[in-house]
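Form predicted alone, single chain, as structure tokens, below.
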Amino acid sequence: MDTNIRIAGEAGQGVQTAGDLLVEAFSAMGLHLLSSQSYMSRVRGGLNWFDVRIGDREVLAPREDVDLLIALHEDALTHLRDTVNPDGLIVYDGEAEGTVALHFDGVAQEVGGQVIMANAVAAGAVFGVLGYDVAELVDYLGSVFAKKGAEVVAANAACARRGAELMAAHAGRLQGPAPGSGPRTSVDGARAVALGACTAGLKLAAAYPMSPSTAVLNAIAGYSEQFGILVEQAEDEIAAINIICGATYAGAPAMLTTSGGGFALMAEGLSLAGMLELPAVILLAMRPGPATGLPTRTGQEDLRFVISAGHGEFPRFVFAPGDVTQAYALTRHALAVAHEYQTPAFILTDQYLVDLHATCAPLEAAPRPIDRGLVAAGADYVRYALTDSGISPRAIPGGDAIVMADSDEHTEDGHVTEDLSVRVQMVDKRLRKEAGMCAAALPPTAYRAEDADTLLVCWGSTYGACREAVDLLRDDGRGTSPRPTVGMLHFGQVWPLNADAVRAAIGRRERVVVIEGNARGQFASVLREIGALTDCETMAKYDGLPFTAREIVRRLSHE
């Protein structure tokens, strides 16, 4: 079983803090969980909510419906009341029919002496309703506020206990999943990317801040002392990508974080990395566009942009993790292959994955640096030697070798040239890398696909919703005769693709549905373009919210 809890209120009311308290306390109890956030692009006001879905088995995606709504503001009650299940419960900071009243601010002021502790009251109320021992929450409050002193810890603990006491009369009205079987660790998408990069040997991160990518830069900054990483907030986007180009030329593994609008300003720098054959890694957290669009919402609208960005022709990798575990692993992989092939690599994610928390097996935090592929070279070294693979021996400045680099077309030793025959040789050399990149492309992850007549194809953060939809469709009998069986393929690497391998994985199916968070079916068009797919349906979503499993099931049934 699983329970979906939604805490909703205005920005500035502590919605995220209350949600974070629940996430950490629940994960420490061994509950499986996944959290997601919906928030407006403003510092105060507006309607925000934080969902925490907990279960006694793996939880993969957000839910539309709610079992317990904690409404901190009238707008939350007005706009979200209908999302609560008929047998659910609403705890409201006010008086309204069909709700349980709890004055969070008043209780916080009375018990803790400060309104700011209303989030502890709210978290305690959730524990009270679900019948969980509030001591688990109090323990977490003790650890999170320890640096602020015993008085602050005691006041927050008292607020949490009081919130639970006030809900004691409603304990058991909602059944919470049994704690104990989960992995007891949780991580958010931003930290998973950051930890993957840091353990891979990252030495420099740069950015001009832009939502929702800033969370990743902040996470890297949080690890910077532990791993010895320089984090630079540049004066603008052009400076940020050129910092990365300079760092990678000098041999330092480096990563840039940005979002669509910021990356649009970096296209020339990306081309510079392509011409200089630099292993620049770019984390791009997509948001719905064009222009400012919906800066704090989610979407998968930049795939085509990233694949073709930059002037001229040069290879690049594009990875799109589906969950926090993949975010960690694919970030490490992106750094590794960028260095192996000496070409840019993208990690394409979005607000939903960056912000979500999920329980998972502990991520390895010990440094395991990637192979930078460096060679020791002497005076006869040429940076862009022509090779069958297109990959030249890579030395860095500071040794005996002279490492020439220029944004103009160049000869093998890096000198500027307008010899057009050399120009052709250099283009061919750079593009020869693509054969190796395609051959080594990561295959899609198959889930219950072997016998599937209907195949759901997805990429990036739609992974969890699609996988849960497959289970729902099979579990409710849609997977038995005469109904078609349903399975899925998820792509963590979306460019370049091995067309033969993709074609074999898709195979012959009665129905193929490509599910993605954009209006035009960008990934479906990529699959058609490489000849891996000829006939398919697309399921598009571009309202700024992530897919849910029930939504996929509903639309598959009706479309």
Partner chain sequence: MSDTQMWGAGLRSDGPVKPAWCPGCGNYAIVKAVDRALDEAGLDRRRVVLVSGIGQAAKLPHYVSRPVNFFNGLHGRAVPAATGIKLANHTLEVIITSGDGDMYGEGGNHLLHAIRRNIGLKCFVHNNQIYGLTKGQASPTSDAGTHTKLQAYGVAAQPLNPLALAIAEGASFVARSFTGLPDHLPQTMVAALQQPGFALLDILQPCITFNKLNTFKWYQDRVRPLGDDYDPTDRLRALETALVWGDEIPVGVLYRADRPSYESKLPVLASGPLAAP
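Residue numbers count along the first chain shown, from 1. From a predicted model like this one, the values you see are computed outputs, not experimental measurements.
There is another form of the same protein, the form predicted together with the partner chain; it is not shown, and what comes next is about it.
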message = Given the stretches 394-402, 426-434, 79-87, 355-363, which is the single one in contact with the partner chain in the predicted bound form, using a heavy atom cutoff of 4.5 Å?
response = 394-402
ask   = If you check in the predicted bound form, do 250, 276 and 416 all have a non-hydrogen atom within 4.5 Å of the partner chain?
value = yes
note = Of 139, 105, 75, 406, the only residue with a heavy atom within 4.5 Å of the partner chain in the predicted bound form is 406
query = Of 318, 272, 111, 330, which one comes within 4.5 Å of the partner chain in the predicted bound form, counting heavy atoms only?
reply = 272
inquiry  = Is residue 372 part of the interface with the partner chain in the predicted bound form - any heavy atom within 4.5 Å?
reply    = yes
query = With a 4.5 Å heavy atom cut-off, would you call residue 233 a contact of the partner chain in the predicted bound form?
reply = yes
ask   = Might residue 474 be said to contact the partner chain in the predicted bound form, defining contact as any heavy atom within 4.5 Å?
value = no
query = Is residue 439 one of the residues lying within 4.5 Å of the partner chain in the predicted bound form, judged by heavy atom distances?
reply = no
key: Heavy atom within 4.5 Å of the partner chain in the predicted bound form - qualifying residues of 191-226   = 203, 204
